[in-house]
Ligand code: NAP
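As structure tokens, one chain now follows by itself in the form predicted on its own.
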Amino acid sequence: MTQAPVTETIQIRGLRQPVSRIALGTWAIGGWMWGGPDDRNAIATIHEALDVGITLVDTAPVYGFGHSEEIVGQALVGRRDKVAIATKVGLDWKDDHKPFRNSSPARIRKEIEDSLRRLRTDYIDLYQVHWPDSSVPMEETARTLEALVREGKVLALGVSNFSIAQMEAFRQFAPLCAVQPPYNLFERAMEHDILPYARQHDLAILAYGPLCRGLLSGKMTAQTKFGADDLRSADPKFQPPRFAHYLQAVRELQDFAREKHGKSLLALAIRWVLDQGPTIALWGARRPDQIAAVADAMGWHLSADDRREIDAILARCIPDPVGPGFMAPPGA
């Protein structure tokens, strides 16, 4: 390939250089809740992502209970200086592998060392609190993370799944550079608060789930089934009667993407996220061939008329929309 197709970049405060506006998301690569790992394909997928110009990789300790970070670390040997690593902190688990929130200073100190070891690096570019933990004072969490920045183990701090009030509390004690909410054509709650707040305070938005757990890939049908260990088996969107409503929206969005722009639904879904603001779309791939479609989301934009037509499709097809709240882990 003579020219990398991922050419749009964004600067996250605190990072040494701009990063691609499409990031590789590695939850599925870890295997947990996605049908198990496939390490050979996972490493090949990361390499393919780098080869097409993706320069930000997002992972977390809980993705495969360390396995995703280990795979990312293996894949980046010899290429670490070309990539910004975003990982997370603040989820704990016991032998039963049921995550719970734990943002205590002791947990943070343990997690940073475990993540550095698994990722085979001496610093994390973007370190994000995975979920807010109401059992620990925000000051303790934020000050511990700010100390990691002073120590050079972390370059920039972010939060994930935080409300405005929680971000405001965090910012009293440590600099905040990024926020990671769920965001896609079907899950848009953050437009009412998180998006304007991020614009106001110069926060990069790492939008996770831009394809809504595969629903916006355009490859699902009414006959698509999910195993008991698949996250989507617990997602209300994939249960009747809602599944039929969302699939109808998918069909109409596919027609719109093809007829108006000559694009796939997948490209439309990613472009839509990128056109909303200071956003980065987390592209969750498990195989190298799933990276190729990244190029199709680059180099074009949706007009105001396009966005109005998309909104009309959603309103017509989905009478009872539902958010991603089912994914929230319990407290300690």
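If you're wondering where the values come from, they're calculated on a predicted model, not measured in any experiment. One rule holds for the numbers: they count along the sequence shown, beginning at 1.
Below, we turn to the form predicted together with the ligand, even though it does not appear here.
By the criterion of a heavy atom within 4.5 Å, K153 is excluded from the residues contacting the ligand in the model of the complex.
Looking at G209, you'd find a heavy atom of it within 4.5 angstroms of the ligand in the model of the complex. In the model of the complex, the ligand sits within 4.5 Å of a heavy atom belonging to R287. Put simply, V273 is far from the ligand in the model of the complex: not one heavy atom of it is within 4.5 Å. Just one of L282, A297, I46, L265 comes within 4.5 Å of the ligand in the model of the complex, counting any heavy atom, and that one is L282. This chain lacks the partner; the member of R118, R232, R188, R107 within 4.5 angstroms of the ligand in the model of the complex by a non-hydrogen atom is R232. Stretch-level contact check against the ligand in the model of the complex with heavy atoms at 4.5 Å: of 250 to 258, 191 to 199, 159 to 167, 133 to 141, the positive one is 159 to 167. Scanning 214 to 229 for heavy atoms within 4.5 Å of the ligand in the model of the complex gives G214, S217, K219 in sequence order.
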